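Take a look at the structure tokens below, where one protein chain is shown in two forms, each on its own, as structure 1 and structure 2.
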Structure 1
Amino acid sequence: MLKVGLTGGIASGKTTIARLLVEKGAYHIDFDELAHDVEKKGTPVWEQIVRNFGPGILLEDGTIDRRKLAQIVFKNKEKLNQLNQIVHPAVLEKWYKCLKDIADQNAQAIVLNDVPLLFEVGLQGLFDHIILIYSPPDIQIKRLMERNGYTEEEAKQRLAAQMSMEEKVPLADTVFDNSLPLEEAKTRVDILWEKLTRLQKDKYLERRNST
């Protein structure tokens, strides 16, 4: 199994690149979806979040208002770290189970792990190869405003809460420029998939030869 970390700035277009790679044959695990799952009403993670951030972050049905919570943590790095410490252990536990399920189906799988804050929370060591999706800040801000209904100030706050691209680039194995037209992106995804396939084969052969 080749464990690939996929990350990038918020609204950098990770979803599009992930979809194209899945069409090529990659398995896909979305850490945001795992987080949604472990934060469901009544779970231990939900209880810890409510205890630490107060009932004011809940919607009328008792579920977490993720936008309200985001407004709190993305203005305060200490609170963001606090939230990460609550959520990430449960997410990782669920992730390991997902990996086992995939391995049971296909031991030579290429598993794409979509982790928005991969570098921020120091998860580099979990993956064999890390892809950083890059888009210029002005495009990210525009996408956030259109996709999430943020004001320009809110979008800029979300960007400011993350590591800069200058800090992330040296930590990545592959930097994928996603500011180009979709057709060009598809061509470069073809090349990227060939690279990942070679890496998976090399890892498989290395492991087989060592046994």
Structure 2
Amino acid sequence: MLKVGLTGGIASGKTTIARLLVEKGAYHIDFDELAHDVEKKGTPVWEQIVRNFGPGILLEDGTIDRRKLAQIVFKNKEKLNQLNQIVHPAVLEKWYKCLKDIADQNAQAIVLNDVPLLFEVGLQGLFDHIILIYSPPDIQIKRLMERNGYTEEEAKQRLAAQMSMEEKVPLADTVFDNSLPLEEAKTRVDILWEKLTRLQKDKYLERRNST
């Protein structure tokens, strides 16, 4: 199994490129979905979050108001660490379970792990290979305005709140330039898929030779 970390910035095209790679045969795990799952109402993580942050962070139906929680931790590093310490172990446990299910089906799977904050949280060590979906800021802003209906000012603010693409580039193994039109991106996904297939084979042979 080849564990690939997929990351980028807001509206850089992670979802779009992941979908194209899944069409090629990749398996896909979305870390945001894992986090949503472990925080569902009544789970041990939900209980710990309510205990630590108070019932004020719940919506009327008892589910966690993720927007409110994000606002709290955005401004307070200590609270962010507290939240991460509650959520991360449960997400990782769920992730290992997903990987095992995939490995049971296909030991040579290429697994794309969609992790928006991969570098910010420092999860590089979990993966064999890391792909950064790169789009320059002007294109991110344009896509945010089109997709989310933001004004230019709002889009710029969202971008400014994130780690910049330039800081992320040196941390990635592969930088996928997604500034080109979709048709061209598709051709480059073909090349990327060949590369991942080669890496998967190399890893498999390496493991066989060392046993």
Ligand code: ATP
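Definition used throughout: the rigid core is the maximal C-alpha set that superposes within 1.5 Å between two forms. Every residue number counts along structure 1's sequence, beginning with 1. Since we're looking at a predicted model, the values are computed, not measured.
- Here the chain coming from the form predicted together with this ligand is structure 2, while structure 1 comes from the other form.
- With the core held fixed, the Cα of Gln85 is displaced between structures 1 and 2 by 2 Å or more.
- Here Glu153 counts as shifted, since its C-alpha moves by at least 2 Å between structures 1 and 2 after the core is aligned.
- A displacement of 2 angstroms or greater separates the C-alpha positions of Asn76 between structures 1 and 2, with the rigid core held in common.
- Taking the core as the fixed frame between structures 1 and 2, we note the C-alpha of Phe53 moving 3.0 angstrom.
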